[in-house]
Each structure stands twice: as C-alpha cells, then as structure tokens.
Ligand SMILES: Cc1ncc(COP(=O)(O)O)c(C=O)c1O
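The chain that follows stands alone, in the form predicted on its own, written as structure tokens.
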Amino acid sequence: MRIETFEMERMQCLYENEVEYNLSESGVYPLSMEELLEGEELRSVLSVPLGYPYSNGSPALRERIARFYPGASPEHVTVMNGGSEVNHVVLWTLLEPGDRLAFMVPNYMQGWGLGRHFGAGSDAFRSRLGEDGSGRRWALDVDELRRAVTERTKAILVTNPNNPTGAVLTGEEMAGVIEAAGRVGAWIIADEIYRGAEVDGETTPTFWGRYDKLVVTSGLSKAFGLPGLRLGWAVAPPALIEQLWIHHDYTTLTPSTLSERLASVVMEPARREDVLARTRGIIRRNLPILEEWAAGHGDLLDYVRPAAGAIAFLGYDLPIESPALVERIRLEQSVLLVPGEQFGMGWQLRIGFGSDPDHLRKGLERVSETLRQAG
C-alpha cells in the first residue's frame, strides 16, 4: 500500500517558518542550551566525542527514563529519535497486513496513517464534548471504543494527555481502554508525550503498570520543551523492547550523541521536575491570554479549557471549513493555526499558546481580524 501524505506535518513544514506568527506549535517555547546547562556541565558536554552512542540509549539514560514510570526498569526502555520515530517503529513492529488499529479521534494522525499502511486499516473511536461534575470536557466514548475493537484489532492507540484537545482520561476511561484491549488480547499504545504539561494539579497518571500488553511512547518534544533534540523512547515489556530494537536497527540506528547526553541531564529526577515546572509555568501564564481572547468572540468560538498542554481545540460558527479558514488566516494575517480536519474532526481550530506572551497576543489579534471578516 502506498502511504498517504501526512497533511498536518506537510503544512507545518511548508509554512511554520514562513509566517510572522506561528500558533500551530503544540509545545512551549523551547529551552536553550544556556538555560539547560551551566558551568562544568556545559564544559563536559562540549568535550563529548561525536561518535556513535548506545543504539538503544545509554544505561544511565534508560535508568532515568524508567524512573518516570513507577515499576519500570532500564530493561523496559529503548531510545530513538523523537516520539514520531518511536510511534512509527512500534506500529511497524506490532501490525501485520491483516491487523487493524483502533485509533482515538481527534488525535495526531500519524498513527491513523500508519495503521492503514502497516495493517489492514484504522478504526476510529471518538472523544466527544460533554458535561460532568467538573463542567464541559472532552470525554471518551467508551461505547464507540467497544464497537471499534474487534477480533482483528491488534492494537489500540490513545494519546493521553490528548493532542489536540488537551483532555486527560479519567480513571474510568483508562479502565475502559484496558477492558476493551483485554477482551480481544490487543496491545495498548499509550502516547504520553504531553504527560508533565498539566495546567493544574499533579502529573497525569501513566498507563504503565496497568496492563501487560502495553507500550508507552513519549519523548522530550512537548512537555519538556526540547523538540530540537529529537529524543524519544518506548517503555514496554522486555520481549517487545527487543523487537523494537531490531526494527530500529533498520531506521536511524542510534539517537544523536549530543541528544542522548543532554537527555541524560534532563531526565535526572530533580532536573526533570524543574523542566516540567517551567513548562507548567508557561502554560499557566499564557492560558488567561487565550481565554480572554476566546471570550471576546462570544458565541462565535466554542472554547473548552485544556487540562494539559499548550494547546486548545476551539469550535467555531462560520460558513467555512477549517482547512479553508486556516489558509485564509495564513494568507491574510501571516498566522498559522491547524485545522480540525487534520485531527479527524471538522469545524475546529487548534491554537498553540506556548510562545512569548506578546507574540501570542499579537497573533491572536490578527486571527480576530479574519474571523470578523469571515462572519
């Protein structure tokens, strides 16, 4: 099967460095080397020989990653080049031509395309807007999940916290995913790359330790504010880790030497929590800017507060589909957003708010101009 174009990544590649205001980014403003390292640490990194590192991640790095997942050990961890490569290798390893992937929507659509490429296809189950005791939130449709999971389902992929909604699964929803997987013996792939970027409260509970046939995928791009390091990992049973390592030998072989070394610094537990605190601080500082802007548009925009991540998924009431609206905003205002259709759901916009506050305000003001004209 010929793989299809990944529309969101192609759009961002073409335009994110060309516009004046890039509000399509889903992480926070990235850390610099100066912020990350100081004194002897910096000198130590500058003296690192640029040879091949451990292809699966150094023992020290794998041990520090494992400490982010209670009950995990270095044997449960393998390291690759970014969360995207991890998800790719996991799906390549697990899916055979007749298998199906049950896929959470809305979502980052890499898994959707790879389920159709490596397996027989992808079957959607949705999160939907609803009310509960805490107010409006994106809630997993557990009944639709059960219908999507059949005897042909090899794996269920969820993103928690979610991209693009910023929603976090409840304990009951996580149990629903585990029940559906256990009923047919499917794997669960839990993409947890936004774990640690919560608006309020403590770190999102991980799926790790709740089910035997489980792979957690993550990396430093989102919650850690280090997308340029291209450092990701999988946490899984050792037998599957071995299979992932075999497949990784056919792609990029190893992580970057510098990325591996810097990741070891970041994932030291005390430093890890400092980095995540920085991310949460940026989110809490900027979210009121977005909320004030959304409220200023009255009934035109349907805003639901994200629980995690520097992203919001807003519905809108205009007679124009989301790809056309995003293109119009780009051309008229030099601002890049992401259309909801690129997450499997129309009439929505994803707005990233993790940038400098002044940059965010000015970009949103420009978006307002086109929204008023389009109405």
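Everything quoted here is computed from the prediction, not taken from an experiment. Position 1 is the first residue in the sequence shown; the rest follow in order.
A second form of this protein, the form predicted together with the named molecule, is not displayed here; the remarks below concern that form.
Colleague: Where, among 141 to 149, 247 to 255, 70 to 78, 191 to 199, do residues come within 4.5 Å of the named molecule in the model of the complex by heavy atom distance?
Modeller: Contact criterion met by 191 to 199 only.
Colleague: Under a 4.5 angstroms heavy atom criterion, identify the one residue in F118, W208, W187, Y108 near the named molecule in the model of the complex.
Modeller: Checked against the cut-off, the match is Y108.
Colleague: May I ask you to choose, among T153, S259, N163, N286, the residue with a heavy atom within 4.5 Å of the named molecule in the model of the complex?
Modeller: Exactly one residue meets the criterion: N163.
Colleague: If you check in the model of the complex, is S127 within 4.5 Å of the named molecule, heavy atoms only?
Modeller: No, S127 is distant from the partner.
Colleague: Give a yes or no for G225: in the model of the complex, does one of its heavy atoms lie within 4.5 Å of a heavy atom belonging to the named molecule?
Modeller: Looking in the model of the complex, residue contacts with the named molecule do not include G225, since no heavy atom lies within 4.5 Å.
Colleague: Given that the named molecule is not shown alongside this chain, does T204 nevertheless sit within 4.5 Å of it in the model of the complex, heavy atom to heavy atom?
Modeller: No, T204 stays farther than 4.5 Å from the named molecule in the model of the complex.
Colleague: So, R278 and the named molecule: in the model of the complex, are they within 4.5 Å at any heavy atom pair?
Modeller: No, R278 sits far enough from the named molecule in the model of the complex that none of its heavy atoms falls within 4.5 Å.
Colleague: With the partner left out here, which residues of 211 to 246 have a non-hydrogen atom within 4.5 Å of the named molecule in the model of the complex?
Modeller: Stretch hits, in order: S221, K222, R230.
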